[in-house]
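Here's a solo chain for you in structure tokens, the form predicted on its own.
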Amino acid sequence: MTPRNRGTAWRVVRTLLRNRLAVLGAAIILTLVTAGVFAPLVAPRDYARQSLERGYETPSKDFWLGTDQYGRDVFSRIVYGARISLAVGFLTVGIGLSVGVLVGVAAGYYGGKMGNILMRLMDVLLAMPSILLSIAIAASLGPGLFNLMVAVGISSVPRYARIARGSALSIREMEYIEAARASGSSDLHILTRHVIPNCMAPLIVQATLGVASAILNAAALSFIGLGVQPPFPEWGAMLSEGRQFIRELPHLTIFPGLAIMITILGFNFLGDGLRDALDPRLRN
């Protein structure tokens, strides 16, 4: 890392630390990631352990967040659910970001007929609401964790592609790109060393916010039975299982819903902070 890049990184970190909401968001995400990674140590019970004689219990000192209809500890299932929901969020964003960057950078750097075809395809996908596109893909692939990640990841590709294309269009006209071409650098070298790295700032912000959207869409798909299947604890699936008892046992829906809400707030706070730190127009 060059001294200039180190200075930029420290400036971004200092800006984030001065943003209280961004710090709060980072703390929420760090707490959830830690809980997910060390779920066997954090959760007092196995998420799949059933105690039918203790089913339908409300929160108590034995079961902090109560039990479900099978006597499973809701707190333990939420802790293990953090592992699944965060993995889905990160991996789906990884799918959408990698494909979107390739499509957007190719369309922006080369342009021409190929660029127009690629972006018109992205426009077609953008014309559909992301949740409906995710449902269509998940329904065609079938329920399951892997199919869930593919469905949500593909539905997010157009957003990253448009951002990457816009950045590539401006970067390709820069003087250092012309200098690289004049020195005989190949297109692959220019794309990997100059274009893509300089496109990443807005994409990082969008990816941070995209994790929240991915978790919400994944929860929605699991809620309607197209996502993670029982007995694995996923927050959307837990909401679906608890909705039939929402009047008598509201804790079965309140606590998974709070987990989704807090997670989304954390990523949104951090994403807003990154936007302020990385956007040169907002540095002052």
Partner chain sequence: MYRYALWRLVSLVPVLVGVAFIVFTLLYITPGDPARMALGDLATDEMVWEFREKEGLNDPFLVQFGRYLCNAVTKGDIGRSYMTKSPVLTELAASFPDTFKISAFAIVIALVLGVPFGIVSAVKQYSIFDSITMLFAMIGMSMPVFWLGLLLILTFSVHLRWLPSSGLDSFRAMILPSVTLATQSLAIITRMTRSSMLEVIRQDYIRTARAKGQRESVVILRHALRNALIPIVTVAGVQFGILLGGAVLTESIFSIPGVGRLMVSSIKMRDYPVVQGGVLFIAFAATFVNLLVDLLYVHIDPRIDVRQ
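The structure presented is a predicted model; accordingly, all values stated were derived computationally and were not measured. Positions refer to the first chain, counted from 1.
The discussion below concerns the form predicted in complex with the partner chain, not included here.
- The contact residue chosen from Ala87, Met114, Met174, Ile131 relative to the partner chain in the model of the complex is Ile131, the criterion being a non-hydrogen atom within 4.5 angstroms.
- Taking the partner from the other structure, the partner chain in the model of the complex has a heavy atom within 4.5 Å of a heavy atom of Ser140.
- Of the heavy atoms in Ile264, some are within 4.5 Å of the partner chain in the model of the complex.
- Contact annotation: Ala182 falls outside 4.5 Å of the partner chain in the model of the complex, judged by heavy atom distances.
- The closest heavy atom approach of Leu258 to the partner chain in the model of the complex falls within 4.5 Å.
- With the partner omitted here, the stretch from 43-51, 25-33, 237-245, 63-71 that lies within 4.5 Å of the partner chain by heavy atoms in the model of the complex is 237-245.
- Taking a 4.5 Å heavy atom cutoff to the partner chain in the model of the complex, the one contacting residue in 188-216 is Leu216.
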